[in-house]
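The chain that follows stands alone, in the form predicted alone, written as structure tokens.
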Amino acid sequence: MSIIKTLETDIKKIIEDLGYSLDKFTLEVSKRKDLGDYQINDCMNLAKAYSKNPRIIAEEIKEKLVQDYRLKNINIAGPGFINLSLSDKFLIDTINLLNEDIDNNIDKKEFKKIIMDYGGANVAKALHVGHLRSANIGEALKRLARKLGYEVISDAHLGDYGRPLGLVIVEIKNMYPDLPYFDINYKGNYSEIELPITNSDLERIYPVASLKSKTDEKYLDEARIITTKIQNHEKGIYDLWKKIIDISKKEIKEVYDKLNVYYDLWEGESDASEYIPELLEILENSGITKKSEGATIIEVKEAEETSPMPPLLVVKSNGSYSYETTDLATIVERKKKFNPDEIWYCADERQQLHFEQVFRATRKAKLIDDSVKLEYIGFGTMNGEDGKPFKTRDGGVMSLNSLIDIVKEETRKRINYDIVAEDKVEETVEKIAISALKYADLIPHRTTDYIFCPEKFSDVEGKTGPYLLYSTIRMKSLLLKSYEYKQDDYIKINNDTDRDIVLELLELPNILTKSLESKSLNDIADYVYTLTNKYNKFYSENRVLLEEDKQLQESWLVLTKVVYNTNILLLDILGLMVPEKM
């Protein structure tokens, strides 16, 4: 239990021992620092419940609180607001406890096993700027949930089973009709065939194939047939499909590695295919499917609903399976393999209807227990300075690699080449650029659209990733220079600047909990910026290594160490990588 949660638990018990019942109790951070650090606002509600004057209740509580060494300056304002501050002794004990282990400032949650589905890259297509938010938000939520005590299994869940792959193979067939994959009489080993296709080729092929399919019905029909052949594991076509998957997946992994995003599972829609027969049997036995124009559907609209809710398509009229069907089969698979308590899906807000249909069909078919929570975590779009989705100069969809390169070029202008070793420049530039990109993406609430400005978010001043990295590196540098000085104990608080940092550190567990509950990282992004700003104010006011008061110097070094460790913890949760120098 965190330090502030322990204090809240103790105060709640004091109030209950006075004969008052509270469902929950929290100390509210005071907006009037002249009155105290925190405020207790429960006396008015207790007065209503117990038909007493709130001021009398406040006086009773105050009389008990003044006996606690951790508290000081306890005063009552208005009708019964209790203001209080934390004693210097308690704050000193707090920093020493955090110096022992930063995890002493974290509230672990009750254990849960969670499957996290985020990323959603499509095979044979270039990752574009739209893929950033899913990977970035999902990765940070995964790290946060793990830090707070959950077991999290992350899945990239690749789009590898639908018509886009059918289109790609049709176009490859047009380009290389003599490939053995298209010869029904071929008896050789498909794995030994050298495919004359690179990932760059695949990224060019899909747009061409997609454009052709919009005007050539015969071309589109062939893609549909090939898609069904892939799903039926037909010899030759299925083997070519596997080769394409391997080529594309390698490139996708490399981009995600750049973003400091890692998955436990690299499964796709296709991995659920073996569970489709079982799924179809469950659906048929449940009696919730019906035929419609040659297709099989599930009505998911509730009787009392007036707004449109289209049915979920299970099997298309041509015999192939829908995206929704593979998602349902994936739920069957995940139940069998992992038996999770919750499944989280992180995808952009345009997919809200899809997940609502899938969740409703899952409940109707009883694919999982009612106790298993299914949660859709939607997010807005990253836009250019014109307020529209980020594009290339010619108006095309910008690849994620291209966006990274733009930010790297801005970052390169700000590197201090006098201190960064020549052989570390590229690594440093990439770490800072990725951090700039990721932090800018996490500042707004996840549901908010935002404008990304490479110049602004690459700056080392202001609310940016580079600013946080630079400040954290400077803390580390100070600690390295002070290795010969004693830094074992926090002994004294010098002034309000020091005190303000300690009070800010106490807010960490509340920030982490709030972020987990909202499934958004903006509170953590704001908090680490605020904490860093407060430390930088302290740093500018004091010359730590030249301080003659050795007890004060030791205290300042311990405080620096705790803030540094907190920053490292939070930057890691956000997925930001800290270079050695910049």
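Predicted model, so just to flag it, every value in this text is computed and none were measured. Numbers follow the displayed sequence, beginning with 1.
What comes next is about the form predicted in complex with a small molecule, which is not displayed.
Comment: the small molecule is not present in this chain, but in the predicted complex one of 251, 327, 504, 498 has a heavy atom within 4.5 Å of it, namely 327. None of 485, 190, 238, 355 but one reaches within 4.5 angstroms of the small molecule in the predicted complex through a heavy atom, and that residue is 355. Partner proximity in the predicted complex, defined as non-hydrogen atoms within 4.5 angstroms of the small molecule, places exactly one of 507-515, 347-355, 243-251, 456-464 at the interface: 347-355. The shortest heavy atom separation between residue 87 and the small molecule in the predicted complex exceeds 4.5 Å. Although the partner is absent here, residue 131 is a contact residue: one of its heavy atoms lies within 4.5 angstroms of the small molecule in the predicted complex.
The closest heavy atom approach of residue 139 to the small molecule in the predicted complex falls outside 4.5 Å. Residue 269 belongs to the set of residues with a heavy atom inside 4.5 Å of the small molecule in the predicted complex.
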